[in-house]
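The data below hold one chain only, encoded as structure tokens and taken in the form predicted on its own.
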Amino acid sequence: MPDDGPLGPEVLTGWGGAVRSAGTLHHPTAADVARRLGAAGPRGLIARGLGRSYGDPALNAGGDVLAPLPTAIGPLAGDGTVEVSAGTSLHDLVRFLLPRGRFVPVTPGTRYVTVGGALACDVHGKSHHRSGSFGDQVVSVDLVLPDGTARTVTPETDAELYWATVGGMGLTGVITGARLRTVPVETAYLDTTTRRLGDLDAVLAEMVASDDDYAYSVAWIDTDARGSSLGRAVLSRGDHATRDQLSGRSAADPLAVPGPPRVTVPFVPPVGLVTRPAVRAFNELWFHKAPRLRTGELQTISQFFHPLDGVAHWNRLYGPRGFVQYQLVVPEHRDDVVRSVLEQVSRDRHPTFLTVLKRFGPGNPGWLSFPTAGWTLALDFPARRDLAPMLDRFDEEVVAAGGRVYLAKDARLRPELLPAMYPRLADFRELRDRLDPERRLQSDLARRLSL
């Protein structure tokens, strides 16, 4: 729908539902973006994707918010690259690529994010130890700068602006398009290995020893486990399956595209359904249901990468208070921080429906990019009043260990901790002063952390 002008303030939330603010939502075309930037008021403007950032990066209280640009996917080039609009979702892109025998090198835990959002947050996936993050797979980025100038930026032609934009939370310009790399695949299936491990030491040792043998790796952690079982986990690895590994129905349609969600949570229940007894029962069942070791199981793209995408609006299960996702990364030799976090969550009996551990490879030069070599732990917590003191303690441990928290999921980090977590922060601020002295690009996150 073209931009007809302001539609009036509208309350928007992060995916977690725990933070919200009212901004004026616009539905632009690419041609409208420069005009909209020029008309931005004192509270500025921020581009929003599909609303999957958990915290406040895509909220702008009292200001303007741009809805995703229309989907547009160009022809697949001979070198495997493809040009897309920033509003194209990874869901649509994967459905375009698979029949052509290609796939995205990096996908987060949901396909329902836009390319612009993935780049602005420099998202990562189960392949980071081999493939890096989303910004590593981008050939060029189309930007409309705060002064309305349209630019195509590459790491070679303008490294400063490119690497400030990768992970830059949409604050260097409005991303309108990108050219992306893709990878060849023979099938839409993963050849997976699942291993159940009894404690954190076993999980860490197994991932260090053999993560590099697999394209994809992730461990689900049972945060209810204590004592000698602390950190027990189900480790899932996978590689793209070849055609000769398929049989039956899968062989008949080896490049089957993933479909839409199968079911929907129709409304927000008055009370959150993610309670401690429910989480404890789920964790116990999930851990013991997993095999000690299973190899050669074929899983679809949806089963392996995006299991939660099968349930539309699953975030509503947390009720009106919503939930907080906290994600940290610490250097590999500081796995004691991972242990400390798990001990405190278990000791204080905070229910966490989903806790995953991954092992990152080296980070890229992105100034505010989150991934860096080491352990990354992500935990979902129902929003409760007693949560903040514990997360504040985690922040202190993380920054003391030389780590950082993920801004795409944050809505509460104390700003004084940010410079130690992101050493290029001063450069980022200086660049914004030059590019956007009037602060036409703003967000709740940017104001809260003085980005």
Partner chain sequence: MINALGQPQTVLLLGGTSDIALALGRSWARQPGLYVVLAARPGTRREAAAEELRSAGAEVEEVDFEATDTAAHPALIEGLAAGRDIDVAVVAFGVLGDEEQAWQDHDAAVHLAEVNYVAPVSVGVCLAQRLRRQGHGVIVAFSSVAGERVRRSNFAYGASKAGMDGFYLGLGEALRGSGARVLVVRPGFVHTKMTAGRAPAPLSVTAEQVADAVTEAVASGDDLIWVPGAMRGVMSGLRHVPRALFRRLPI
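Please read these numbers as outputs of a predicted model, since none were measured by experiment. Residue numbers count along the first chain shown, from 1.
The next section is about a form of this same protein that is not shown, the form predicted together with the partner chain.
The partner chain in the predicted complex comes within 4.5 Å of no heavy atom belonging to V115.
At the 4.5 Å threshold, heavy atoms of V324 reach the partner chain in the predicted complex. Taking the partner from elsewhere, G62 is found to have a heavy atom lying within 4.5 Å of the partner chain in the predicted complex. Contact check for M421: no non-hydrogen atom falls within 4.5 Å of the partner chain in the predicted complex.
Proximity to the partner chain in the predicted complex, defined as a heavy atom within 4.5 Å, holds among A39, L50, L425, L387 only for L387. Only one of 412-420, 65-73, 398-406, 31-39 places residue heavy atoms within 4.5 angstroms of the partner chain in the predicted complex, namely 412-420.
In the predicted complex, D444 is the single residue of 422-445 with at least one heavy atom within 4.5 Å of the partner chain.
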